[in-house]
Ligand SMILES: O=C(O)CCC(=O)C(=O)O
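Presented below, as structure tokens, is a lone chain in the form predicted alone.
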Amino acid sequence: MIFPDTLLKEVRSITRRFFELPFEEKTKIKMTAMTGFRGYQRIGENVTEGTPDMHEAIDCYREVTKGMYGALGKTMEGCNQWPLNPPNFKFLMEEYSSLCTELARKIMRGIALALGGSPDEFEGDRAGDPFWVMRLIGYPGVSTANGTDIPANDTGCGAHTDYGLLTLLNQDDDINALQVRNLSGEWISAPPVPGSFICNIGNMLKIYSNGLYESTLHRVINSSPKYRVSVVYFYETNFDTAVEPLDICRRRTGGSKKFERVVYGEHLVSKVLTNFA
């Protein structure tokens, strides 16, 4: 498939323009529980492991209508809140998320083959009707958060793993802020490569693969004076899917299940309900 480089840049550019707006304008789409946790959060409202993160964001999810997933999906019911300013924001982001869904599905077909399964291993009841999440994130430079100086090592986003199958990260080309932890326990930089995505493995793929794929532990520290924009798309299983190790992966890892069964929607909701100050 063709994923235009111009679109990667355009979604970052329009996101940056939104974050440059006055605070009062941005809070017109303020995130609340009543909006299904969709919308804008100011700096410090997102919390990782009990510590406020130094970023602002817009959270978007696949839209969930009333009763769509019964009681399981009630917390996530709602429509995305798109700003009217900058213009064309909604159209651009919906086009982008649609292309990301198509790309992630193709990547998952390759992962299925690599695990020894059929290319359709993650289709059907597993991820044939995938849920998705998208976060549009702005990280202030070291001297621009709330107009006051902040330490160069202040954490833009604390160490965490992603919840679903696969993450496609579209970040500014000229700022090196993302760090991942390697198998030796060291934090190493993941510098941006222009025209590409960084791809993270999420918790659900770790379970499906019985540990053959490890969730990517990562964090963000923006020590640059520049404001950094990151557009992050999360490709998930079906919302109501019960995730457990695949038989092909159990056989490759000694025969026993290393992880218990997890319902993706329950996992997501438990995180959402503890992620915001």
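Computed from a predicted model, the values in this text were never measured in an experiment. Don't overthink the numbering: it's just position in the shown sequence, from 1.
In what follows, reference is made to the form predicted together with this ligand, a form of this protein that is not presented.
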item	value
Distance check, residue 232 to this ligand in the predicted bound form, heavy atom within 4.5 Å	yes
Residue 135 within 4.5 Å of this ligand in the predicted bound form, heavy atoms	yes
Non-hydrogen atom contact residue 243 with this ligand in the predicted bound form at 4.5 angstroms	no
4.5 Å heavy atom contact, residue 105 and this ligand in the predicted bound form	no
Answer option from 160, 206, 109, 126, heavy atom within 4.5 Å of this ligand in the predicted bound form	160
Position in contact with this ligand when the complex is considered in the predicted bound form, options 142, 169, 115, 93, heavy atoms within 4.5 Å	169
This ligand in the predicted bound form: contacting segment from 245-253, 26-34, 216-224, 61-69, heavy atom within 4.5 Å	216-224
